[in-house]
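Single chain ahead, by itself, as structure tokens, in the form predicted on its own.
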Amino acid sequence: MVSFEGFAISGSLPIYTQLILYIKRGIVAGTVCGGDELPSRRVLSALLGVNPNTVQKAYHLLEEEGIIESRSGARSFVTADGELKLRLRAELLEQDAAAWISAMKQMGLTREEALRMTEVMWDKTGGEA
């Protein structure tokens, strides 16, 4: 069963988008694997204190992307394989890097300043992965 213990709602993105990102990042990190069962829509909405339609929307979009599959009885499972994991990793890295670079450009940083800031933040958050 996929755990949502580490999930925290923030104000920056719609909650359904945050749920999608949480699952995708879990797949990339290896904490969410193919075959893992997701909580039912009702259980997850109660756990997180959100509208069931929010969870339904997230699950529906994940189904459309082929990341989860719903079976009889409304049970949903992750369908991730190695190829999907690589695709998601590239997609998430590109999105996050683009947002980071856009923010630094908006603040007027040069490429060199941005690279220095990246190195500082890398070290500050624990260094090597």
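Note that residue numbering begins at 1 and tracks the sequence as displayed. In this text, the rigid core denotes the largest set of C-alpha atoms whose superposition between the two forms falls within 1.5 Å. Predicted model only: the values in this text are computed from it and were never measured.
Form predicted in complex with another copy of the chain: not shown, discussed below.
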Given a 4.5 Å cut-off on heavy atoms, tell me which of 98 to 106, 38 to 46, 58 to 66, 76 to 84 is the interface stretch with another copy of the chain in the model of the complex.
98 to 106
Can you tell me if Ile9 lies within 4.5 angstroms of another copy of the chain in the model of the complex, counting non-hydrogen atoms only?
no
Given that another copy of the chain is not shown alongside this chain, does Val28 nevertheless sit within 4.5 Å of it in the model of the complex, heavy atom to heavy atom?
yes
Consider Ile20 of the chain shown here, and say whether it contacts another copy of the chain in the model of the complex, taking contact as heavy atoms within 4.5 Å.
no
Using 4.5 Å between non-hydrogen atoms, is Ile15 touching another copy of the chain in the model of the complex?
no
Counting only heavy atoms, which residues in 106 to 125 are within 4.5 Å of another copy of the chain in the model of the complex?
Gln106, Met107, Gly108, Leu109, Thr110, Arg111, Ala114, Leu115, Met117, Thr118, Glu119, Met121, Trp122, Asp123, Thr125
Rigid core fit then Ile9 CA moved by 2 Å or more between this form and the one not shown:
no
Superposing on the rigid core, do we see a C-alpha displacement of 2 Å or more at Ile20 between this form and the one not shown?
no
